[in-house]
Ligand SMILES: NC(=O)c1ccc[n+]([C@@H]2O[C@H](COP(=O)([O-])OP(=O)(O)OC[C@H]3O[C@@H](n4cnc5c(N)ncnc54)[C@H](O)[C@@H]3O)[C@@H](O)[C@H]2O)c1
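There is one chain below, alone, in structure tokens, taken in the form predicted alone.
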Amino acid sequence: MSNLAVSYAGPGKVELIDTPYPEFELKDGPGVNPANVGRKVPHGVILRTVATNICGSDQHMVRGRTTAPEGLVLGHEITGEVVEVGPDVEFLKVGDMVSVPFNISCGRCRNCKEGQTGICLNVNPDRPGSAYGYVDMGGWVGGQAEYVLVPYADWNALKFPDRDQALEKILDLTMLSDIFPTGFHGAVGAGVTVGSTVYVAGAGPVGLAAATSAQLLGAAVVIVGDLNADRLAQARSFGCETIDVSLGDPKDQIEQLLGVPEVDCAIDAVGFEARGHGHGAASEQPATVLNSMMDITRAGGSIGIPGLYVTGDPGAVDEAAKVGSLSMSFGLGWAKSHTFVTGQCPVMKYHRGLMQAILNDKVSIAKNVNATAIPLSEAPQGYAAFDEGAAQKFVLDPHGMIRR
């Protein structure tokens, strides 16, 4: 059986390719760690992909800003229907609809048992932590495809209570695989609570999810900063205040909004491709957001950093940044006793609760991030539009199961 999938085809390019239908064994291929080749997966399930999203993290690879090899099948935001179960699967069955955390975790190691599923010790031979279709993450095949293998499925997959209800709310539920928990993790890491004043850097989908999460946690004011007018308008559409960082330092604009030049909590949803503020907005300055957040976060406050930072960036602006070394004003953060929360979101910590919030109409994450369903065949156009700054979260629909 064929399996149409989206692959990285070199800087600035993705293409649809015909790949093998998944088996319960990890095969050799672009990006697969040699130590994982031949790994048996009797604990896995094969999903018919119902929805799989284009993520800003994918864009870093597609722009050529990582060491991702050409031919890598992309996609780590996966929602699907079980069509086959491995012999060691006990609790999932054919026909179940599930959300798959982008983190691949075993459920058996010390970190998994402590809830740190973003840094599982057993799924990536190179380092703690793994993900589908991502550079240096072990080589587990991505889910921007018609079918995908999910290992340790009883542990990893979140089963939806009702199939019909899931399909009705699929544009919301597809956000559970990554951006909604990731945004929520950023807000939790930043210490957002009832009455907080919050600054979110970045109005892309993760930033909008973080802003939504801050509202869900009871923030008094959520301010979103970006350079993109359309994305700022999207943030205002669900009650956020906004600032255009191309006009100057966020600190001054925050003072105009709040009366003081600081916030209780700050969330970096930009990451390592950050640009300068004010007149420097056109140039890449990878530490800009981190330094700004130390400046505007109150003493004793916390900074959540769901934005991606990497250890290898071939397209970086200087030699230090190419290996992930940034010119941070860390002394300021130390002097202000800031707490920094970084790294992959442990999706499993949050996804069940956020699912319940969606199913019980407590949040409209799809509306807030402007979820837009497109066929798998239009993935290249979706990547191009997203790269140009479209204020949309593109959801790929491989089997035509999403109601337009």
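Quick caveat: nothing in here was measured; it's all calculated off a predicted structure. In this text, residue numbers run from 1 along the sequence as written.
One more form of this protein exists, namely the form predicted together with this ligand; it is left out here, but the text below deals with it.
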Non-hydrogen atom within 4.5 angstroms of this ligand in the predicted complex for each of P205, G271 and A274: yes
Region of this chain that lies against this ligand in the predicted complex, out of 87-95, 321-329, 305-313, 257-265 [heavy atom, 4.5 Å]: 305-313
4.5 angstroms heavy atom contact with this ligand in the predicted complex for V289: yes
Contact test in the predicted complex: F102 vs this ligand, heavy atoms, 4.5 Å: yes
Non-hydrogen atom contact G343 with this ligand in the predicted complex at 4.5 angstroms: yes
Contact test in the predicted complex: T182 vs this ligand, heavy atoms, 4.5 Å: yes
One residue of A145, I78, A201, V222 in contact with this ligand, assessed in the predicted complex (non-hydrogen atom, 4.5 angstroms): A201
Residue (of V245, V150, A187, L74) lying close to this ligand in the predicted complex, criterion heavy atoms within 4.5 Å: V245
Residues from 137-157 in contact with this ligand (non-hydrogen atom within 4.5 Å) in the predicted complex: none
